[in-house]
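Just the one chain here, the form predicted on its own, laid out as structure tokens.
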């Protein structure tokens, strides 16, 4: 078991070095000059420009810039934003709760709908339910998020059909201007619930969150439902499932207790990867719904040629995804006893 954990930690360290080098290199391939983007079109004198380059370490050779960046990163210092002059970590964690809250809500919706649809499709294999659910999942997987988001806004927020049950979801933002919620945790649902406005502010935050979460949930929902169906179909043909049926156990107990637990490993993998893809794929959704998360922040930083923000923010996101994958590997040990015995050996 100890050897297993050490191997995972070594792999984590190697991944960190690789991602830091990759982000550092790619950021410097972005066309444009960060100094010009920072001072504007008026330009600066050569002396002041040299002073700015020195203050941000841009006057050093590229390899020295990387080792300086890596050394500071290992100490938890990702530098200052070239535009706002604030620490990158501070700006990141100011916005990260908004993206994570949106991602978790999207994943919850995807699991809430995708897993039951996959189970029903597997149990009702080659029936109208199977074909209908899998057809819908294929449509959801193929649908572009930017188009789906605009359709949701058109129907649900603007309500151009003037239907009585639509038009109650806001177009953008996280909360109505009527409410002023203290930012204690960054997770607006939690902060709103424990604020003075209480339930009223909470439900207003839910209304703002629901539409972008549905838009982001379509692709992972389709993936989860199809993986649940495929994995469960393999398990339903195993001998122990047939034995459980022969003993007279109820269908629900056979499917949920005996079959589904053993079909969980591929599903858990897809769920974990879906969370990572939701976090990294939030750019279009946050842009369409004006969601103040890290995706919009990174897009703005790329346009401003803010090197430190782009490389630091990308590195933090990548480490978050790697941590999710590591957590999934550890979760496997709790789900599958065979893996525990192999890692112990």
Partner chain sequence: MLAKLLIYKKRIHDLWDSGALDFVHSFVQNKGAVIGVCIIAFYILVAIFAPFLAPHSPEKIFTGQYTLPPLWMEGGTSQFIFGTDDLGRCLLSRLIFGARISVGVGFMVALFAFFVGTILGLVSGYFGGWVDQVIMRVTDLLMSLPSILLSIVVVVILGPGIFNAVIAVAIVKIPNFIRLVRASTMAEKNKEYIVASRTFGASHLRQIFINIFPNILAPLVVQTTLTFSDGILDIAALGFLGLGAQPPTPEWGTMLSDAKNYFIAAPWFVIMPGLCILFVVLGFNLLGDGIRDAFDPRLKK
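Here the structure is a predicted model, which is why all the values come from computation and not from measurement. Numbering follows the first chain given and starts at 1. Between two forms, the rigid core is the largest collection of C-alphas that superpose within 1.5 Å.
What follows is about the form predicted in complex with its partner chain, which we do not show.
Here the marked residues 18, 143 and 287 all reach its partner chain in the predicted complex, each with a heavy atom within 4.5 angstroms.
With a 4.5 Å cutoff on heavy atoms, residue 308 does not count as touching its partner chain in the predicted complex; it lies far away. Heavy atoms of residue 77 never reach within 4.5 Å of its partner chain in the predicted complex, leaving it off the interface. Contact check for residue 31: a non-hydrogen atom falls within 4.5 Å of its partner chain in the predicted complex. The shortest heavy atom separation between residue 214 and its partner chain in the predicted complex exceeds 4.5 Å. Residues 287, 288, 298, 299, 302, 303, 305 are the ones in 287-307 with at least one heavy atom within 4.5 Å of its partner chain in the predicted complex, listed in sequence order.
Comparing the forms between the shown form and the other one, the C-alpha position of residue 233 differs by 2 angstroms or more, with the core used for superposition. After superposition on the rigid core, the Cα of residue 173 moves by less than 2 Å between the shown form and the other one.
Annotation: Cα of residue 266 displaced by at least 2 Å between the shown form and the other one, core superposition.
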